[in-house]
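Here we start with a single chain on its own, the form predicted on its own, put down as structure tokens.
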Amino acid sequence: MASGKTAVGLHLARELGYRLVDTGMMYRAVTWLALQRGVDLNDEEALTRLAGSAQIELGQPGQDGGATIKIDGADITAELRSPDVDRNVSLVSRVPGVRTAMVERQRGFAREGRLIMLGRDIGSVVLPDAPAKIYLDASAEVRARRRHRELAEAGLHRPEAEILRELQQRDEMDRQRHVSPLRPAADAQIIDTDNLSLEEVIERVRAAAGLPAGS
């Protein structure tokens, strides 16, 4: 979270005319739906059934260029960055049945081609044969600061220390899960974004993906 992947992905997707799929938003959609329906987040069978039946669709690009997320035809994109979803998405995304259902859909999107896919297990699990695998990283402190600023710009004001604590907890939970743990693919190119501007990160990603430098 907040390593820069969404901003970089949006820029390159617009530039290349590719579709952008943020898989994290798909797990957030399942989490949001579980909270809405009162599903016990410790009930793996119930969460698996929910993920398998949920009608999650990628809508048309929103104002920021990213695809909107719809459930049963309703656009819920604005709901997916709420504190409740932030706190609970790792509980939901670690469930093997949930990941199986989402990975199947993600691979379906990839088969359509011309795609930039964002997520914590894309190069290692979802698309191990992807032609370009890039792992963006940053320290927890820098990512918390970025997330705090992002939320503030959206009118959501939360203490940065609280965001940092939740981010560290989520990272640890994602690294320790048995299915699709958070780690770079063995052949991914790793870019530390701590001290880089967005423009510098974009240029490094271009180089890593074998794309010509921007104008």
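Throughout, we count residues from 1 along the sequence that is shown. Every value quoted in this text rests on a predicted model; they were computed, and no experiment measured them.
This next part talks about the form predicted together with a small molecule, which is not shown.
Of the residues given (101, 138, 134, 89), 89 alone sits with a heavy atom within 4.5 Å of the small molecule in the predicted complex. 177 is the sole member of 49, 177, 70, 183 with a non-hydrogen atom lying within 4.5 angstroms of the small molecule in the predicted complex. When contacts are judged by a 4.5 Å heavy atom cut-off, residue 81 counts as touching the small molecule in the predicted complex. Residue contact check for residue 32: none of its heavy atoms lie within 4.5 Å of the small molecule in the predicted complex. The small molecule is not drawn, but in the predicted complex it has no heavy atom within 4.5 Å of residue 148. Contact annotation for residue 23: at least one heavy atom lies within 4.5 Å of the small molecule in the predicted complex. Look at 70 to 78, 138 to 146, 107 to 115, 93 to 101: in the predicted complex, residues with non-hydrogen atoms within 4.5 angstroms of the small molecule sit in 93 to 101.
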